[in-house]
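One chain is shown next in structure tokens, namely the form predicted on its own.
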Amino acid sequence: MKVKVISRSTEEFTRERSQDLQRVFRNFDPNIRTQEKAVEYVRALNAAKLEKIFARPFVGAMDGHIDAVSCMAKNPNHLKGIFSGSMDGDIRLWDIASRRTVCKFPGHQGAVKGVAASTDGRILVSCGTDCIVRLWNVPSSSVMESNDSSDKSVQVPLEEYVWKNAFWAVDHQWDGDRFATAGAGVHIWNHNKFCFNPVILLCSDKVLLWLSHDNMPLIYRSAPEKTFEWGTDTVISVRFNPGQPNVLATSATDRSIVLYDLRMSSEVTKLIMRTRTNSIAWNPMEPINFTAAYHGSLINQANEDCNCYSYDARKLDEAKCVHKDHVSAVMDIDYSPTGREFVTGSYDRTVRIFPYNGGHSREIYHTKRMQRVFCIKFSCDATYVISGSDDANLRLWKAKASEQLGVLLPREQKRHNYHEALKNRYKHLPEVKRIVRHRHLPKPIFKAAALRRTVMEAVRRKEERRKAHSAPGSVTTKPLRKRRIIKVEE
């Protein structure tokens, strides 16, 4: 006769304090859990539904500008600082945490088309349609940490570079003292090559220097350090490579994307597309790859483009990936610091987040009051997204719509990770897939997307019929990755 005795140790089952959790022993033998798959499926379904219930991406709006927000730049030296420029010439430094203006940078007489901060976060570069590039001193971190909402300091420009043409964009090197401006050409400047003698002088390179009202030197340069010109059209965007400080990419109104190397006296590569490129962003984790945001129109969807294209800088004759979903022109694009996804702002009044290798967006943000989005940025910790739109507001969004803000307890973090693992495991099942993929769209976006699908389907049927009624081999169909490329010039 066998007698089974349950033996338990007092130390293993007795709580030291009344607040401690009761220890639970579990047997993970699959033979005694015949319904494990079904239970997990129900949990995955509930996790997908809970994600939709708690999806509240909009955090708040930052108002203060009186005209459309045209450009933004992150402060690399401070996590919660961001610069914004508007069409009325106003430049502001914002504190994202408190959503208030910390500092103002007045001086531009026209629209501010570009702002960029140096790598150390001490210098801010701005340019606009008034043909002047201004350098500003960025306030210290103590000003950012100040809780006084009435403290809005006003900065005076350190330098001013006067040129004969309007500027459309500016970007600073990731590691160096140079910055590039885009306009009638690509101009390279160095903000450390100047003299601080407190007298009026005229140097050999036509640099005029005099003192401002607060005894701070102002410098007016008439010529940049280096100039690149390939064609006669206006350059509308410029971006330095994060891995190679001397490599930069530009886009122009002649539908071209050009790669430059500051160590060479000429351009490297020119890619000509069928539609204009509005913005370019390099992948910070894979600096050889960049994504371009293209212009589009709802007038003729068969000939215009509203997509984003990712390219390998070593092979520009074919796109690595085509990112669809927008129904109007994509105005701006920015990569997450992790390099795994990027965010786009469009003329269709929506913000979308794409995986770096995915064809469709994983998230779409919109509000009733938000108008056309002109600029978009990821925060430096990849937690938030900041958008600037035509209604003179900056809006703060969560990068993950259902993410819980604040400090999470270890048990809460484990619970979130468990739910994510369940959704990832059962994401191929129809019910879970339908809930996870569903997004509410505004009626104009929904109708425009349906119209776009109808037009593209008609174009596809027409090409198939033309190919079927032609001689074999006489009609060839280019893949979508090559269809928008006209030629590549070396």
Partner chain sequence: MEEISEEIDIKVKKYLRGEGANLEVLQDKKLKGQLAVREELYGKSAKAAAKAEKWLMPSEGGYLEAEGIEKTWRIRQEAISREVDISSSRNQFDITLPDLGPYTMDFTSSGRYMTFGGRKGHLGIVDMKNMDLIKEIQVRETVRDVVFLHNELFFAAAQKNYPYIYNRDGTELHCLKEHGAVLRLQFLKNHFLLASINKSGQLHYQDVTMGQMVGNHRTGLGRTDVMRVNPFNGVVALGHSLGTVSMWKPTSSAPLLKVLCHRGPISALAFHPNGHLMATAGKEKKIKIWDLRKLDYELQNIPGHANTLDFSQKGLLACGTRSSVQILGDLSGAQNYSRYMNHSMVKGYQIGKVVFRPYEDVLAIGHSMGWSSILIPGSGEPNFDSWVANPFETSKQRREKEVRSLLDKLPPETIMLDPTKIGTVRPAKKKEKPTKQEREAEMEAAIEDAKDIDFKRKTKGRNKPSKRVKKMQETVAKAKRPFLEQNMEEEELLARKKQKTSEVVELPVSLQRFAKKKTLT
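Quick caveat: nothing in here was measured; it's all calculated off a predicted structure. Rigid core (definition): largest C-alpha set, two forms, superposition within 1.5 Å. Positions refer to the first chain, counted from 1.
Missing here is the form predicted together with the partner chain; even so, the following discussion is about that form.
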item: T477, heavy atom within 4.5 angstroms of the partner chain in the predicted bound form; value: no
item: Contact label in the predicted bound form: T454 to the partner chain, heavy atom within 4.5 Å; value: no
item: Partner proximity in the predicted bound form: S153 to the partner chain, non-hydrogen atom cutoff 4.5 Å; value: no
item: Close approach of Q404 to the partner chain in the predicted bound form, 4.5 Å, heavy atom; value: no
item: Partner-proximal stretch of 58-66, 43-51, 454-462, 437-445 relative to the partner chain in the predicted bound form, 4.5 angstroms, heavy atom; value: 43-51
item: Members of 359-391 lying within 4.5 angstroms of the partner chain, judged by heavy atom, in the predicted bound form; value: none
item: Core-aligned CA displacement of K478 at least 2 Å between this form and the one not shown; value: no
